[in-house]
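Single chain ahead, written as structure tokens, the form predicted alone.
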């Protein structure tokens, strides 16, 4: 089994970096191959909204940067974990920029999913996905927004994305338990 971890942490964010370490360890205990991508170290341009990935180069972004490599790893993985500080109820800017560049993974045509209009999926197989957010202190509204955002992003891919938020400065064992719970919830076993 192949796992991909998208590290959306900012340099010096020790809470989120601890979450990355523990999610990596949890994945390593269950996957044969774990790839960790530090988004802050890549050259990823913002999506321009040109939809060239649907019309001019179907399935591939017209922008040539590191996002293409990340998308290939994404599609080749069985499980993907996003780790990010929760920012105003959303993802870090690095992770958000990468997720915006996932548009080529969807087909421009529409279908009805759960009574809502969504894009068709371009590929037969997509990885199971978990999202581990971090907050330095309790913020019920940010946690609620984050859970809703993750659920809606999963719905766009016609599947369930599981999420949890680590609050405060967790000790490594509690961060590891959180990562393990997420993987258990999507059925990723050793």
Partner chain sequence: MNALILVGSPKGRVSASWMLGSRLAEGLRDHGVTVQYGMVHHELRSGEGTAKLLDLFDSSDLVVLAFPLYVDSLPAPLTRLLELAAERRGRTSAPGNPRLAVVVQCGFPEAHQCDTAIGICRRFAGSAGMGWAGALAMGMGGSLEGDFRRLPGGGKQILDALGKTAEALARGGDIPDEAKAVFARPLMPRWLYILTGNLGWRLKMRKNKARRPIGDRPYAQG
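Everything numeric in this text was worked out from a predicted model, so none of it was measured. Residue numbers count along the first chain shown, from 1.
The form predicted in complex with its partner chain exists for this protein as well; it is not shown, and the discussion that follows is about that form.
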- Query: Ok, 34, 37, 165, 149: which has a heavy atom sitting within 4.5 Å of its partner chain in the model of the complex?
  - Reply: 149
- Honest question, do 90, 100 and 117 all end up within 4.5 Å of its partner chain in the model of the complex by heavy atom distance? yes
- Message: I'd like to know if residue 43 sits close to its partner chain in the model of the complex, meaning any non-hydrogen atom pair within 4.5 angstroms.
- Response: no
- Task: Although its partner chain is absent from this view, report whether residue 68 comes within 4.5 Å of it in the model of the complex, heavy atoms only.
- Result: yes
- Query: Should residue 58 be classed as touching its partner chain in the model of the complex when contacts are defined as heavy atoms within 4.5 Å?
  - Reply: yes
- Query: With a 4.5 Å heavy atom cut-off, would you call residue 30 a contact of its partner chain in the model of the complex?
  - Reply: no
- Residues in 124-139 that come within 4.5 Å of its partner chain in the model of the complex by at least one heavy atom, in order, are 124, 139
